[in-house]
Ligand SMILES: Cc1ncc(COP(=O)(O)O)c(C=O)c1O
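Taking the form predicted alone, here's one chain by itself in structure tokens.
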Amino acid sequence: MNHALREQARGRGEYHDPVGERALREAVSRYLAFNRAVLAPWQQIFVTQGAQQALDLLARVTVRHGDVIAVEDPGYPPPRMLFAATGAQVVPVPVDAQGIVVDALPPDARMVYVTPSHQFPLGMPMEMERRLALLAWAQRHGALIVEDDYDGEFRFEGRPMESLKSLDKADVVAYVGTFSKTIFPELRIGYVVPPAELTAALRQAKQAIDWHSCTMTQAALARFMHDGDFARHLRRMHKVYAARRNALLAHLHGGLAAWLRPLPSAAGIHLVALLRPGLAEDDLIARANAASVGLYGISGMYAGQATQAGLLFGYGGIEVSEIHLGLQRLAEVLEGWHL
């Protein structure tokens, strides 16, 4: 930030490029090529106010009132609400162990929003066969795929999964990323790599909304990335999150195994555990809350009727000692409930 302040002090205080500072776009371009196999020149990268603004811009330039947008069900509620606010018809599409069910996509969908690296909330990656099927479907139907790669940097098992964008030969994928999950939420910087045909419209939309994102924060982040500090930060946080994940899984496979079944999740900073038969999600959350243990259920992440009951455990902002304390107390709640 000191570097960015010095840079701004030497400037004239002018309006900047609506799609972002060149230094940051160059840094993101190199990062995506090395880490996510997304080969995008810096000129193709748009800097936004977090991933949410990237989704808003894509909807503004792609979707008209009444158009269909397909979303995963269960899925991340904020994009669902954003798309509905544009006047689009938001259609939930079920997911299975391989990802979104392509055969269930509405044929008139103008846009398909997916989280293929780490499905939110269930956690599984989209399998390669399903990725290729989705790309082929989008090409046949003339639809845009929005790939939200919100925490794909943190992988703890297996090899990294190819991004949809890296497999996209027909230029039908808009790749969206964010630094809110990798650094901290107050850093409202995201980015999008759109299909070439959308670049001119996206530039106009970004300028119309806020002209450009904060240039000082962009300059600071660019310096952070160019100097290698971002890569070091990711390596350090990978160890931190791995320790938290291991602590969480030790309880879920140990003292909580009689009541909760964790779903496979090889990446990200959260995982889901389904409730064993006989447990009611709302009742469990209320009882745990009475014991000062805060829990998140997954039923609210379904657009319609929930087909599974479970809990979402996020470990991005909680220490290992607090994980142990909270889950030990949760085990006591469950044991006392079923005596």
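What you are looking at is a predicted structure, and each value in this text was computed from that prediction instead of being measured. A residue's number is simply how far along the shown sequence it sits, counting from 1.
In what follows, reference is made to the form predicted together with the named molecule, a form of this protein that is not presented.
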Query raised in the report: residue 150: heavy atom within 4.5 Å of the named molecule in the predicted complex?
Result: yes
Query raised in the report: With the cut-off set at 4.5 Å between non-hydrogen atoms, does residue 120 touch the named molecule in the predicted complex?
Result: yes
Report task. State yes or no: in the predicted complex, is some non-hydrogen atom of residue 178 no more than 4.5 angstroms from a non-hydrogen atom of the named molecule? Result -> yes
Query raised in the report: Does residue 188 make contact with the named molecule in the predicted complex, using a 4.5 Å heavy atom cut-off?
Result: yes
Query - Sole residue of 154, 137, 76, 230 within 4.5 Å of the named molecule in the predicted complex, by heavy atom - result: 76
**Report entry** The single option of 47, 271, 58, 51 touching the named molecule in the predicted complex, heavy atom within 4.5 Å
**Finding:** 51
Query raised in the report: Using a 4.5 Å heavy atom cut-off, which stretch among 234 to 242, 125 to 133, 142 to 150, 93 to 101 contacts the named molecule in the predicted complex?
Result: 142 to 150
Report task. Scan 113 to 142 and note down the residues that get a heavy atom within 4.5 Å of the named molecule in the predicted complex; none is a fine answer too. Result -> 113, 115, 120
